[in-house]
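Starting off, we have a lone chain in the form predicted on its own, written out as structure tokens.
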């Protein structure tokens, strides 16, 4: 009973991750500027990766044919998903900061840019 619950919960998380990847892909293609696209890509890298990997870990726990390797596979999946959850926002932040600091991507449309007001393009355009 508990194994079936683990497998179905894991499959649900894998499906949720696929949905997050779909939303992320749409956002990357539809958003207008670098920062918004980076936000959409980060959604895909965090929720589109963390949910399916954690789901695969739950499936491994519930799949008894793996024998003693199920615990190893589940542990590796949970550690991997935790590392992605911690490191992906840091990478995204580093990319955004580097793009802003080198003035490679204007903030458009902008309401307020506290770091460098000259980077702010009011009203948008493109």
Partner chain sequence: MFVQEFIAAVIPLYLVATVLYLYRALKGPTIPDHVLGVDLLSYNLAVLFIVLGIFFEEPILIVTAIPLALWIYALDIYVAKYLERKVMGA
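Residue numbers count along the first chain shown, from 1. Computed from a prediction, not measured in an experiment: that's the story for all the values here.
Below, we turn to the form predicted in complex with the partner chain, even though it does not appear here.
**Q** Residue 118 versus the partner chain, in the predicted bound form: is there a non-hydrogen atom within 4.5 Å?
**A** Answer no; every heavy atom of residue 118 is more than 4.5 Å from the partner chain in the predicted bound form.
**Q** Should residue 15 be classed as touching the partner chain in the predicted bound form when contacts are defined as heavy atoms within 4.5 Å?
**A** Looking in the predicted bound form, residue contacts with the partner chain include residue 15, since a heavy atom lies within 4.5 Å.
**Q** Taking the partner chain as it sits in the predicted bound form, is residue 110 near enough to touch it, meaning that at least one heavy atom pair lies within 4.5 angstroms?
**A** Contact with the partner chain, no.
**Q** Which residues in 36-71 have a heavy atom within 4.5 Å of the partner chain in the predicted bound form?
**A** Counting only heavy atoms within 4.5 Å of the partner chain in the predicted bound form, the contacting residues of 36-71 are 37, 38, 41, 44, 45, 48, 49, 52, 53, 56, 59, 60, 62, 63, 65, 66, 69.
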